[in-house]
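In structure tokens, one chain follows: the form predicted alone.
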């Protein structure tokens, strides 16, 4: 029988199997922690940083990604403090400024409380969340995709730019890519990028229960784990 641990998340006492991440434990109890790079069944890397929480130890809190934080007996987690909401909102704002032509990104920005974008919009077609690479490597064992380059030149591609025969052409890299979910009104024209906001009304149902998962549909298009359970 798998050993269980007891921890506290936002004042609620929950039990989770040892080895479970704080993010998975929270989602299992209906506590919504916004996230983008997490895919159930794959190893988490904390790439998007949206799932940050406060881990309180000896009266002091440390901000860390909940997807890479393993549950421990007696640990205290806070997912919805003013500090966390401020940091998460800024992260979401940066991501949507980087890649506005994704409904998945736009939806998650709304879920994190972004109402305006203070940064210059760009038209990147990859936010380097690593979902495609991890799925190709861990689920299919194909290793057809990977990160190449460094710094501003870092990107996802086939080795040497050529599709290898080992690629199964399963299209999972497309299915799990946030950038494959286009905005409702279609791609934005160059120079007209903006915060969509069309799904803001969907978020209203969760305003009085920010941390609770109400299956608000935000994130459903890119296989959000809230909709995979």
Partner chain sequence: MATANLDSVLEGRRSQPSQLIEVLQDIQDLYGYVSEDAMEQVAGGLGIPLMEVYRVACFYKAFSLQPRGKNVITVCTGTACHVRGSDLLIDQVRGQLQIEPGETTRDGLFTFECVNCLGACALGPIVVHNDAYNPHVTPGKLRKMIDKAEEEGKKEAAYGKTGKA
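Numbering follows the first chain given and starts at 1. Computed from a predicted model, the values in this text were never measured in an experiment.
The form predicted together with its partner chain exists for this protein as well; it is not shown, and the discussion that follows is about that form.
The shortest heavy atom separation between residue 72 and its partner chain in the predicted complex exceeds 4.5 Å. Using a 4.5 angstroms threshold between heavy atoms, residue 150 counts as touching its partner chain in the predicted complex. Under a 4.5 angstroms non-hydrogen atom cutoff, its partner chain in the predicted complex lacks residue 81 among its neighbouring residues. Contact annotation for residue 158: at least one heavy atom lies within 4.5 Å of its partner chain in the predicted complex. Contact with its partner chain, judged by heavy atoms within 4.5 Å in the predicted complex, is confined among 123 to 131, 110 to 118, 138 to 146, 85 to 93 to 138 to 146. Of the residues 168, 60, 43, 163, just one reaches its partner chain in the predicted complex with a heavy atom at 4.5 Å or closer; this is 163.
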